[in-house]
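There is one chain below, alone, in structure tokens, taken in the form predicted alone.
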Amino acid sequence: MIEATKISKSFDDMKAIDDISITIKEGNVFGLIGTNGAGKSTFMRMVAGIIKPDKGTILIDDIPVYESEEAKRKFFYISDEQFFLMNSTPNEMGRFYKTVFPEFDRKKFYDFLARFELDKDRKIATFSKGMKKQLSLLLGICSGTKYLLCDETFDGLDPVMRQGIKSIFASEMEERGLTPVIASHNLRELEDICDHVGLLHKGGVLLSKDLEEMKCNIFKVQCVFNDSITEYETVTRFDVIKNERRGSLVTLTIRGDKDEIIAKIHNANPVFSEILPLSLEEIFISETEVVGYDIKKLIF
């Protein structure tokens, strides 16, 4: 488990991180969302032990991470700007990381290179931005570490490559308990992979929740009622976050128990009704509007 407790970090007069606490559980995919300048990279570098918080503590499996060789053996950090040895090839980087991480699986690494059509003997300097990101991810996955810290790593990958990496994440999580931590400015990139999402804004944590918890508490319902009186009486029985109308079709975003919502809608005997799944974007919009923020201005 990674525990950041009341950490703060300033650069001159700019406060990059302001008294935040985040817990990242093992075996989950943790997504850290925020606009450029929200503090994501600063937070990731502190978790990686590259920079030291001005205040607060960061523990990885109960070990303080800063200047701790033991803690740093537990994770592989991929920065937003990939770094490779000068004039190196993927094969040479694999040999290098084998000396750093004893559990680095070179056979798996070569298999992945072939699968992603990355030439193991080609100079990395000739790779495209997307190819370099793929290589960084494959090196991290094959390092054998417990945690994989990814800062904007999916940015620049095409949809097919993203799905390929996500399927590998799922496999590694099941096989050896890998815990990926992914920082991104794009909420949609994390739609189908994260178990827990934290939203950073101006150096603070605006929201940090399990997705399943949020999905089990907020629902979108579309209805066509028989008359306006029935519609009014039914809608007022719910904790309605958003009420939209298009012609006779009413779309409600409702907070509450799913079975109770279905029962109340059924009792109104509507002409038409259905419950629709909410996207991660819709969930976050609903949650942040409750606390007075317009996430559309922050993320999209």
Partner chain sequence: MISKNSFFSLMKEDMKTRMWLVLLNNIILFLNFPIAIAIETQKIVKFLEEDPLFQLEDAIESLTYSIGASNGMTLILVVCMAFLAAISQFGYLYQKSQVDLYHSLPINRKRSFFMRYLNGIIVYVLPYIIYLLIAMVIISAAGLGQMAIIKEAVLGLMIHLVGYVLCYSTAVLAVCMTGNIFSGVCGIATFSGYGVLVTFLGLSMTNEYFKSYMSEYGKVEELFYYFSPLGAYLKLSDLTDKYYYGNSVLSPKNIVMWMLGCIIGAAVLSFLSYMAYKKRKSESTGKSIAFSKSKGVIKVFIMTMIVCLGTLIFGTLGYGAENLWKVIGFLVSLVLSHILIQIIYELDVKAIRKGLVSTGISAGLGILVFAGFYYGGKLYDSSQVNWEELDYAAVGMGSVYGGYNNSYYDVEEQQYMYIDEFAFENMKIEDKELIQEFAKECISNDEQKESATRVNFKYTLKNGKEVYRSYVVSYDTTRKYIPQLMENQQFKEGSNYIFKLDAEEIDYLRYYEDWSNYEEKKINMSKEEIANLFKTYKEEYLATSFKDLNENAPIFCFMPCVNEADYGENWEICKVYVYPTFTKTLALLEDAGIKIKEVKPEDMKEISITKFGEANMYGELTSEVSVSYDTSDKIEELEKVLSIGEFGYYTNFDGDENLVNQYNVTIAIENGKSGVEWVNAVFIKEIPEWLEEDIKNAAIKNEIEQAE
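This one's a predicted model, so the numbers in the text were calculated from it and none came from an experiment. Numbering follows the first chain given and starts at 1.
Omitted here: the form predicted together with the partner chain. The next part is about that form.
Colleague: So if I measure heavy atom distances to the partner chain in the predicted complex, which of the stretches 260 to 268, 239 to 247, 41 to 49, 22 to 30 falls within 4.5 Å?
Modeller: One stretch meets the cut-off, namely 41 to 49.
Colleague: Assess the spot marked by 66, 77 and 95: is the partner chain within 4.5 Å of a heavy atom from every one of these residues in the predicted complex?
Modeller: Checking in the predicted complex: 66, 77 and 95 are all within 4.5 Å of the partner chain.
Colleague: Is residue 72 one of the residues lying within 4.5 Å of the partner chain in the predicted complex, judged by heavy atom distances?
Modeller: Yes, residue 72 is a contact residue.
Colleague: Residue-level question: is residue 227 within 4.5 Å of the partner chain in the predicted complex, judged on heavy atoms?
Modeller: Judged by the heavy-atom cut-off of 4.5 Å, residue 227 is well away from the partner chain in the predicted complex.
Colleague: With the cut-off set at 4.5 Å between non-hydrogen atoms, does residue 99 touch the partner chain in the predicted complex?
Modeller: Contact with the partner chain, yes.
Colleague: In the predicted complex, does residue 85 have a heavy atom within 4.5 Å of the partner chain?
Modeller: Looking in the predicted complex, residue contacts with the partner chain include residue 85, since a heavy atom lies within 4.5 Å.
Colleague: With the partner chain left out of view, choose which of 212, 81, 192, 158 has a non-hydrogen atom within 4.5 angstroms of it in the predicted complex.
Modeller: Filtering the options by heavy-atom distance leaves 81.
Colleague: Suppose contact means any heavy atom within 4.5 Å; which members of 2 to 17 contact the partner chain in the predicted complex?
Modeller: Heavy-atom contacts within 4.5 Å come from 9, 11, 12.
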